[in-house]
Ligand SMILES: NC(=O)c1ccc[n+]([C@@H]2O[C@H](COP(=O)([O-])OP(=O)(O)OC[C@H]3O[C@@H](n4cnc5c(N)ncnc54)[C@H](O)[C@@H]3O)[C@@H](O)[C@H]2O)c1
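The chain that follows stands alone, in the form predicted on its own, written as structure tokens.
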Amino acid sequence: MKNFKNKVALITGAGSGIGRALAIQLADSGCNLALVDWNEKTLKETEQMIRKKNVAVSLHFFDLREKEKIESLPEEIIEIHKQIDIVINNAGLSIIGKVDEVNEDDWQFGVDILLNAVIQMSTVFLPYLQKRPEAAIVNVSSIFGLFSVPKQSIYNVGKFGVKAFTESLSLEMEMSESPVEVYCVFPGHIGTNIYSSSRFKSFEADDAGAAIFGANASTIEEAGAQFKQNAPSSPEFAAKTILKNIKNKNKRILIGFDAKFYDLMSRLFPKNFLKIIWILPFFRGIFKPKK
């Protein structure tokens, strides 16, 4: 995609984190926006941040588990904006607990938002995107869509699923010579609220997640604050990286040196990878914060 000026982009999870940063940067590029989030308060805060940027903005408040709302969303967007060019499936959540601690409701809740909503959003918007001279679907996976760690089975399944679905869709679009470009994003440790807003079935300060994220906390609140504070990359850096790669047509987007490091180590040392990540906090100085 050559540029974003006068395009219309839909972003889920636009009330905070990477979604908010994408909204601001796309608005700076002259892109009109359809912003989706379940949290009316935070989404309106995002709107306030881009109010003076001379782009059209529509807000859509609903839970991504509401399938009927997703089904009606394309026509709603077309009625307001007359077109849709970019769909960014960014919304996510985390449920932290061992396999024998999470229950059927946890699995349904997590997989519906992490994976099923991404599939449905991509599917319902695809016919409209196909009509544009150039268009893009951008699905946000995670470094945990590249390798698995304990107590993140739901998140791992969801993000691995996003990777598999997105790669398959990308190949189909290429084979059919479609104008729709399909991108899969793998953020490393980004300074957002996802850890503090996780659904915890249990909490241990020395689990694998703590090792990766440099947390050494005795409470969930402390861990959440440290997760955000210790992040080597900011949401703004993540958004900038995503948009740069879309312009350059790089379909596989790894965000942050840590994401590239984990990806490489998991390939080189698949059997001993979890042992390697435990030493990472001692080398966090090499991951300079990216703004």
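Everything numeric here is computed off the predicted structure, so don't read it as measured data. One-based numbering along the sequence shown.
The same protein also has a form predicted in complex with the named molecule, omitted here; what follows describes it.
Residues with any non-hydrogen atom within 4.5 angstroms of the named molecule in the predicted bound form fall in just one of 245-253, 59-67, 261-269, 27-35: 59-67.
Interface residue among Leu171, Leu93, Ala164, Ile119 relative to the named molecule in the predicted bound form, by the heavy atom within 4.5 Å criterion: Leu93. Proximity to the named molecule in the predicted bound form, taken as a non-hydrogen atom within 4.5 angstroms, holds for one residue of Leu126, Ala136, Ile113, Leu73, which is Ile113.
Interface membership of Asn39, defined by any non-hydrogen atom within 4.5 Å of the named molecule in the predicted bound form, is confirmed. When the named molecule is considered in the predicted bound form, Ile194 lines it closely, a heavy atom lying within 4.5 Å.
Contact annotation: Gly188 falls within 4.5 Å of the named molecule in the predicted bound form, judged by heavy atom distances. In the predicted bound form, at least one heavy atom of Val140 sits within 4.5 Å of a heavy atom of the named molecule.
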